[in-house]
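Just the one chain here, laid out as structure tokens, in the form predicted on its own.
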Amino acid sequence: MKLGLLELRRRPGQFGVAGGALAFLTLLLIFLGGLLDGLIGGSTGLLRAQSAELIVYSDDARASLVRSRLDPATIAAIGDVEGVSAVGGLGVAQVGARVLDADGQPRTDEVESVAVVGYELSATEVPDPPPVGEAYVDSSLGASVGDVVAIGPEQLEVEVVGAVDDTSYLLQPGVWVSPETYEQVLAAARPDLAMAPGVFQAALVRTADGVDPDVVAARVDDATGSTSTLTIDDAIAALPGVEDQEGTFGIVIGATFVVVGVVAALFFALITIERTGLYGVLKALGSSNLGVVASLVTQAVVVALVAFALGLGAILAASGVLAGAVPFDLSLERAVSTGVGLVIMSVVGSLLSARRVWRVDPASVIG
């Protein structure tokens, strides 16, 4: 092990090619992971923000808010189910909006896509519904308290009374309003989705303490006979594109980790061939096979850690630009898992040369 570290210190340039390749792969892995997290986070914030354990759709909606409708009688029946502690309607309308300045002029020429959320039940990230004509707005929209958001072609104005974080829906900032304001938005901006008072696309359900949400979900569907009740996690998985994105990015990230192992294997295979005579001398002087292999593994770990630091530093330096251009979200968990995976695959690649080290015969090499 000491020999491996000594060689790294005295001849760092010998490991430059492998380190550079691994640093590039680290940058790619972190970028892909951050992009995946940003896409998933921007699509699922509305549901992840909920304090409710269950969400109820009409049984023919296939877990889609757009296709689902629940009338007041159905929502009332849900509230009477054993194990339900609270129930509230939920509706979402995806429309265009502009943030107005103090003079009532749009801050930009571009129309922002937003998800107007009409709700009755407070969420973990969102307080109780605001008064009519007011809204809590996701911070990603760039509006501040006191600003006015003009929604839809009719420019229905709502005043921002609070900012909330991480509540986007399908990559659109959430604008959280009272049911009455939500009905006004639908009537003015999306008349095709207009609903009678008290009708919502879905219902959120909080369960009583100590009651299994899955049991309550079955009771709700039995009691109404016309609903499909999912846990919040299942509803997130059912959102359009979530599973497809996770599957596609998972394959690409997994393949990139395999490439890391291949790069490490090829590099250390070449190193082992070049050092065959040196290994023979070391064995003749008393070094064990395990000691020589440990030096290789030590070098693989150090090179991987340095490459990870370089790749992470590069992506952090560019994160400001990335966040404005793409839905990029780099978490500590993602960075740590990438670093651990990089080290593991580098070690696995280096160990593929262990057999060659084992087979070196000191006598034949020296002879």
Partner chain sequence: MRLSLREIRRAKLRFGLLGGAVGLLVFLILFQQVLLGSLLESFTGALERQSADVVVYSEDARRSVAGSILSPEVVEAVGAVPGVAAAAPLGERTTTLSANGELVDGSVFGFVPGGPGEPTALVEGRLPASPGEAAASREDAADGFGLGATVTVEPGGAEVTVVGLTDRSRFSVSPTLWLTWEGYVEVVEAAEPDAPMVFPSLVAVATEAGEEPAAVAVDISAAVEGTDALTRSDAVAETPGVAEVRTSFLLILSLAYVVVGLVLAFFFLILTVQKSAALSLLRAVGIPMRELVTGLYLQVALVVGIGAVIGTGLVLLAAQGVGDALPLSIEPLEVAATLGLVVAVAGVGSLLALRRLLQVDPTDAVARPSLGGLA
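Only a predicted model underlies this, so the values are computations on that prediction, with no experimental measurement involved. Residue numbers count along the first chain shown, from 1.
Form predicted together with its partner chain: not shown, discussed below.
So, Val149 and its partner chain: in the predicted bound form, are they within 4.5 Å at any heavy atom pair? Looking in the predicted bound form, residue contacts with its partner chain do not include Val149, since no heavy atom lies within 4.5 Å.
Does Gly79 reach its partner chain in the predicted bound form, with heavy atoms at most 4.5 Å apart? Looking in the predicted bound form, residue contacts with its partner chain do not include Gly79, since no heavy atom lies within 4.5 Å.
So in the predicted bound form, is its partner chain close enough to Leu28 to count as touching (4.5 Å, heavy atoms)? Residue-level check for Leu28: yes, a contact with its partner chain.
Is Glu333 a contact residue for its partner chain in the predicted bound form, using a 4.5 Å heavy atom cut-off? Glu333 lies outside the contact set for its partner chain.
Which residue among Ala102, Val145, Val215, Leu270 has a heavy atom within 4.5 angstroms of its partner chain in the predicted bound form? For this set of options, the contacting one is Leu270.
If you check Val87, Ala189, Ala123, Val117 against its partner chain in the predicted bound form, which one has a heavy atom within 4.5 Å? Checked against the cut-off, the match is Ala189.
Non-hydrogen atom within 4.5 angstroms of its partner chain in the predicted bound form for each of Asp244, Thr248 and Leu322: Checked in the predicted bound form: all three residues contact its partner chain.
Which one of these stretches, 136 to 144, 204 to 212, 94 to 102, 217 to 225, sits within 4.5 Å of its partner chain in the predicted bound form when only heavy atoms are counted? That would be stretch 94 to 102.
Within 4.5 Å of its partner chain in the predicted bound form, counting any non-hydrogen atom, which residues from 326 to 344 show up? Val326, Pro327 sit within 4.5 Å of the partner.
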